[in-house]
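In the form predicted alone, a lone chain appears below as structure tokens.
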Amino acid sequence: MRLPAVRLVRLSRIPYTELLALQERWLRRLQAEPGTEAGALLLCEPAGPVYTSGLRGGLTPEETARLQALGAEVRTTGRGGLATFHGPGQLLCHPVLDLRRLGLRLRTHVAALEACAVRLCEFQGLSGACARPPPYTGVWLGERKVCAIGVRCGRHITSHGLALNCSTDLVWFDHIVPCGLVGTGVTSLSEELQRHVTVDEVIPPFLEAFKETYKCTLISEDSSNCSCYHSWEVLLEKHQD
């Protein structure tokens, strides 16, 4: 049986707004021709500190002003969940997928994202990583979250995804209640392994986990530099014309 093919788009370290822009273009592409392709896996490392809130809110105007005063960007997104942080040292994975092509529902998609992050932790030697029932969506090492998950799904097409802390400066999380979960903490692979773990280091095992979990193949698209990124912009613009 032929496995569905998902486009792999690696964006290196880019501003969060550029990730959202490319995500929106892929959303429009899949919505324009539903069912014709499985979609794309967008991977990047945020270039700067960004706090985001989800459909359930999470940040008051006063909190937003306070966070901006720290030098961070603050954005409202359409994903599920409350407030979280994105920044350098973090792997952002946004699968823009037509779930019908993969034989998945929204609940199994979220579980698959959690399984990918758990598998990655196991590849890194952290056998204690696990997913927990709602409202503790994500992947945990003890009482500390190493990977946050927040998705959006409309007409069977997903966006947003997961944020895995590799070498993230965890101090940024001190300024919010991450995901609205009082009394829990956050951690990173670097913190747990007591060595510096880069985003580039974890991408290969993450991709293996993704292919294994989603039962798909990945078709690589080189978007790791600016010129290639703009080539993708042109390609997707032409598709819309």
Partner chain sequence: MVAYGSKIRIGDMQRVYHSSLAPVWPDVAIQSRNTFQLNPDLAQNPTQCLESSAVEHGGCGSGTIWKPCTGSTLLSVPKFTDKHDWITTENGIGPVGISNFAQEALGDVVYCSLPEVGTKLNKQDEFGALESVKAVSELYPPLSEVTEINEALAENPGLVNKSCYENGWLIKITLNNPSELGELMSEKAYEKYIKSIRSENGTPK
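Please read these numbers as outputs of a predicted model, since none were measured by experiment. Residue numbers count along the first chain shown, from 1.
Below, we turn to the form predicted together with its partner chain, even though it does not appear here.
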Heavy atom to heavy atom, is R75 within 4.5 Å of its partner chain in the predicted bound form? no
Can you tell me whether P134 touches its partner chain? I mean in the predicted bound form, with a 4.5 angstroms heavy atom cut-off. yes
Is R155 close enough to its partner chain in the predicted bound form to count, meaning some heavy atom within 4.5 Å? yes
Does at least one non-hydrogen atom of H86 fall within 4.5 angstroms of its partner chain in the predicted bound form? no
Contact with its partner chain in the predicted bound form, heavy atom within 4.5 Å, among L55, L193, A65, A32 goes to L55
For the chain seen here without its partner, which of 165 to 173, 120 to 128, 146 to 154, 67 to 75 has a heavy atom within 4.5 Å of its partner chain in the predicted bound form? 146 to 154
Under the 4.5 Å heavy atom criterion, name the residues of 61 to 87 that approach its partner chain in the predicted bound form, in sequence order. G78, R79, G80, G81
